[in-house]
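First, one chain by itself in structure tokens, the form predicted on its own.
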């Protein structure tokens, strides 16, 4: 029997995560150019726009992400251009609008993910995030539930751990904040067995905290 799956949009995924106490960047859905501009003004510039659709997985590859929009004119222009680009790339996609979020300060990008193994059930993954996870495949795994000690081991196992410790004069990131986030994600997955897959990528790690910038959740329908 083939299981059917439902992919939540970014705004839906983040709302789900936020209720579980998992830190995410504030993200609001704009269904029109006027609404996107109004939300951007409320949040404060610069902002990020992303396509909000359950049918578009790789948003950045199809013109579905715009970073660092500094004023209302840029937001309005980007809104129109992005919708046009996405509709050309994905003619049948259900587009709910565009999500608006403040431009987060740069941090060290990591990924926290979960997939279900046929034998072991939910398995948590940690590694360097962004495009690096696809290029380097520098990740570690643990079976859910994950303890704080497990989380610490996962973080220190990756080859890129020295990057988290600080390099070339950069501040080290907060490993305790990452450990806490991993444990929270593990608990979230354990308490919601309908979750089939989860990706927090990237998570921006800072010297005092860690916050998910993008999120994707797939549910077993």
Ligand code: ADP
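Numbering follows the first chain given and starts at 1. Keep in mind it's a predicted model, so treat the numbers as computed, not measured.
What follows is about the form predicted in complex with ligand ADP, which we do not show.
- With the partner omitted here, the stretch from 183 to 191, 37 to 45, 156 to 164, 58 to 66 that lies within 4.5 Å of ligand ADP by heavy atoms in the predicted bound form is 58 to 66.
- The contact residue chosen from 93, 104, 83, 72 relative to ligand ADP in the predicted bound form is 104, the criterion being a non-hydrogen atom within 4.5 angstroms.
- In the predicted bound form, ligand ADP sits beyond 4.5 Å of every heavy atom of residue 28.
- Residue contact check for residue 16: none of its heavy atoms lie within 4.5 Å of ligand ADP in the predicted bound form.
- Among residues of the shown chain, residue 109 is one whose heavy atoms approach ligand ADP to within 4.5 Å in the predicted bound form.
- Looking at residue 11, you'd find every heavy atom of it more than 4.5 angstroms from ligand ADP in the predicted bound form.
- Contacts between 184 to 219 and ligand ADP, taken as any heavy atom within 4.5 Å in the predicted bound form, involve 201, 202, 204, 213, 214.
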